[in-house]
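Only one chain is included here, represented as structure tokens and corresponding to the form predicted on its own.
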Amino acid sequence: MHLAHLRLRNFRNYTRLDADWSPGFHVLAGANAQGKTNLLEAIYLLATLRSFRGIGGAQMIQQGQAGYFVGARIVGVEQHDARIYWSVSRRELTLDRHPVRRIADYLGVLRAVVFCSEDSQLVKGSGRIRRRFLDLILTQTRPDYLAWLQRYHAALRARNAILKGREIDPDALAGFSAELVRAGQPLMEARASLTPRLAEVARSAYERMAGGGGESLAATYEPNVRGDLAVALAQSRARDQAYRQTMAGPHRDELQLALDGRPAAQYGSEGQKRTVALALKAAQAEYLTLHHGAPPVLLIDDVMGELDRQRRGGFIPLLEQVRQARGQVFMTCTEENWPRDLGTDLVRWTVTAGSLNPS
């Protein structure tokens, strides 16, 4: 799978861009604030329909414009034309020129994994970030997962609205509790099945990147509810009413990350936390490759140049896997932090003030 063509209109600092891309390793070089990360953001948006910067659509519109357009030609087993238009008043998503009615029908057309500075929040941030990490992998590997996730969150919003009301309708509360159980159980089962397999790949990636430092990374799924979700919701009803929100369920699950048995967020050094985050993302990429038989597009945002040779070396098996499968890598850097030891088998581009040129 690779991105063969990218078209941008009024996206970030790109007024107009049309670029053709081959499989392989592409380096996007240039000074800071020229638009390198914006290109990766556009590609990730095509893959996941969201920005890895954690912002909304309005912030991706070029200043002074009404909306942005992002389009692509994607080549895999089949060839697809994907288009996104976003404005405050109009939003369109099409695949092969047909409107996309269900997001589940679109996700997976382009698979991408991003490595960026925001990854540190996988270790240091809230449990919600780690749940979203698991959910993203599952939506990329299980066709039914997104539907269950959407059903669960719709029921959760409705149940919480009832709990916040002046008077609680017991029948409505029971109905949405039953829907939470129906949708929540498949989520818990999928997360419990995924985590051990993902954890093993992450452990191996961490060992490669840490350079035999002796620490062992463990990732463990910690469900908020152990046992029957229906029973847990019934037992939590008084607490739910006191807090006016649903206090039990998979929306409170956690992915525990530990180094030698101690929580990585509390006891790991900054270098160890960064390595844990990189290992998790490398595990995501390797897991998707194993599942689909082809690697995702890798988006590496100004990360390699900040790593020492040992941690960069931990990426080599992943990059070699992509190379052998004729996959695709996009990496941003400045002239000062360009990691020249990665080799010369690449295509180099210069990014300057919202323009892209081969160099």
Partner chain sequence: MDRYRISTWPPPLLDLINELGMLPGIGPRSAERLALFLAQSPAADVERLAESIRTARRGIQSCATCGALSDRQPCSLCQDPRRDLGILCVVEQPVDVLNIEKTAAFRGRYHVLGGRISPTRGVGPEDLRIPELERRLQDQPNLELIVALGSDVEGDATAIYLARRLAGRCARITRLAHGLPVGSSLEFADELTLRQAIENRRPLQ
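Being a predicted model, the structure only gives us computed values, none of them experimental. Numbering follows the first chain given and starts at 1.
Heads up, the form predicted together with its partner chain isn't pictured, but that's what we're talking about next.
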### Message
Among the candidate stretches 199 to 207, 276 to 284, 145 to 153, 110 to 118, which one is within 4.5 Å of its partner chain in the predicted complex when only heavy atoms are counted?
### Response
145 to 153
### Task
Using heavy atoms only and a 4.5 Å cut-off, decide whether all three of L46, V75 and H80 touch its partner chain in the predicted complex.
no
### Message
Since only the chain is shown here, I'm wondering whether V100 would be in contact with its partner chain in the predicted complex (any heavy atom pair within 4.5 Å).
### Response
no
### Query
Taking the shortest heavy atom distance, is Y106 within 4.5 Å of its partner chain in the predicted complex?
no
### Query
Though only this chain appears here, would A161 touch its partner chain in the predicted complex if you measure heavy atom gaps against 4.5 Å?
yes
### Query
Given that the partner is absent here, does A178 sit within 4.5 Å of its partner chain in the predicted complex, heavy atoms only?
yes
## Note on the structure
In this chain shown alone, the residue from D96, D228, D169, E270 with a heavy atom within 4.5 Å of its partner chain in the predicted complex is D169
### Query
its partner chain isn't shown here, but in the predicted complex which of R90, R157, R262, R239 has a heavy atom within 4.5 Å of it?
R157
